[in-house]
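What follows is a pair of forms of the same protein chain, given separately as structure tokens and numbered structure 1 and structure 2.
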Structure 1
């Protein structure tokens, strides 16, 4: 291991904000799905006051709450997300803009959003991603596995040792950051991802990243390479270009949007396989099941359960009138378990289920830009894990663990304590 690699490994080893983050932000909920099923049945569109962070105000004295109309059924969630004229992303802009600047794409409305998205989209198309599969993602996965195997103990905790570490490295790689900068990049990235747990540090990290990315843009403008920052500074569609602040917001958005979601989704996929050994065996016997297995895991346990919108006019939905100006929370997590689409087994993980598009990546014009990258990362990494850690299974005896997926806004496993044949 080089000195830089050791420094990054140490950073993650010592990173504790994760625990704090899990409790306060993700919501300490083990299984929100029975309650979501009840909502789908009894009050599919419902005005609620929701505690976002208990005792979460800056001085810790009061709860941060939000009044909003929650939407639980698949068809209604899909309708809200597709109707971007009645449901604006202004509420997203308010939340994310503070940290990432007012031009953050996920918070833009039309026509600004379309222009921005067209300019960044090229770099994230399925074909454009092929260059990173074998050259970037697989080597990062192998390096993390080398480290696990080098211990020679036949055990690992795959969240700490693997899933938490990989996606930020992938983002660094696709952005084309110089490897010498990785230690400081990872430090800022982790602070930015955890901004809700520690706003002061998160906002400071975001500012550091802004300045840092500005320097990288300058370098790539003069000397383009085969990476996303070069693509962004040179992107041009119909004479339009991205301005500097848009690029700097976009690069920062990739950390929560692209790294946090993927680390959680990969953990959930592994959890599904580890708790269903028959399905893991079936997948290993028939790699042709991989595509369906990935989609099923994202449907079954989406890493992110809600998005946010604001009504621009009075809208009638599910028998409820949502007034202009009200915040709306489409529960994509609930929609992914809607029994009208997935029947009475909708709560179960079943990789042999009849494939059917889900809505964990959103819908409408803001549908996730990273669908191809997320799928590619999950495929490559889970494939490497299953190949290199034979006879992978949960460790039933690991002291003090009761591994389970938890959270009500973000969800991922508390841990993945595993054994394998070393």
Structure 2
């Protein structure tokens, strides 16, 4: 095991996929969906208290909570996300700006958001995605699988050995960063995501990332390369360019957001297939099912269950008046299980389901910019796993394991212990 591999393994052990930072936003809820179904029936728009800092605020005092209106039905969630005039992203900026800077794109409102997004989107053109697929994602996936196969044991733990490792390497590669820095990027990404559990560590990681990316931006201005940071520092639309703080905010957003979302989404996809061997067999027999399978996986177990907005004026939603200034929490996870849209089988994983657009990656102006990258990574990596690990199946006898998907805000498997024909 190389020094870099040992460092990443240590990060995983400290992260503990079973506990996921006790008291953090990850949580340890096994199945939130029955309760979300009850909410859709009985209180589709509900005032309740949300915890912003669990286990202590930044100064070490008691928990910080805030009242908010939670929204559970698909149509209402969609209405909130699409109406950026009535529902501002200010609350996102307040929460994430602490560690991602004042120009975190998902927290901007119009016209700043549109300007920022148009400039940043240049780095995520279709031809870039095609290049990253063959030149970056597949080689990284094959390197990780080579290590699994080299053991010759016919067994693996795919969260620890694969899904946890790959996305941060892909993001770092897209940004044009050296492989030797992957372990510290992974550590910083985890600290940013879990800032509510450990504000001091999250803020320190943010500052470390800012300093690091500032140095890289300066180098790319002088010597552009074929990477996203070079695209960002030179992007221009109608004479407008991104300033330094805007670029640094986006880089700090991309690293943890891209790594965390895809790590969890890919793990959930594999869990769905391993739990339904007939559907895995159908996908292997007909690769044309892959697009539908990816969308069904994201709908069935979204990697993130909620987003945040703030009412800019009094709004009536689901028969409830939401006053101006109130925080609003659209439950995209609940919306993706709404039986009025997906019928009585909405809780089931079914890759043959009639296609129906979901809302796991948002809707409206703030539709996730990285959705195409996430889909591409899921497609490429799951294809490589199914191709190179024949007769893949859960290992029912792995001691001490109870693999399941868990989390109250972020969702991903506790582990994926598998066997395959070596």
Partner chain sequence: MRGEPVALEISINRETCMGSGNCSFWAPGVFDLDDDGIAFVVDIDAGPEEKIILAAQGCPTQAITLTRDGRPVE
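Residue numbers count along the first chain shown, from 1. Under this definition, the rigid core comprises the largest set of C-alpha atoms superposing within 1.5 Å between the forms. Model, not experiment: these values are computed from the prediction.
Engineer: Do you reckon the form predicted on its own is 1 or 2?
Structural biologist: Of the two forms shown, it is structure 2 that corresponds to the form predicted on its own, while structure 1 does not.
Engineer: Evaluate the two-part rigid decomposition between structures 1 and 2 and tell whether residue 170 and residue 197 fall together.
Structural biologist: No: each lies in its own rigid part.
Engineer: Any idea how many degrees the smaller rigid part twists against the larger between structures 1 and 2?
Structural biologist: The angle the smaller part turns through between structures 1 and 2 is 10 degrees.
Engineer: So if we fit the rigid core, how much does the CA of residue 189 shift between structures 1 and 2, in Å?
Structural biologist: Its C-alpha shift, to one decimal, is 3.2 Å.
Engineer: By how many angstrom does residue 180 shift at its CA between structures 1 and 2 when the core is held fixed?
Structural biologist: Value for residue 180 between structures 1 and 2: 4.3 Å of C-alpha shift.
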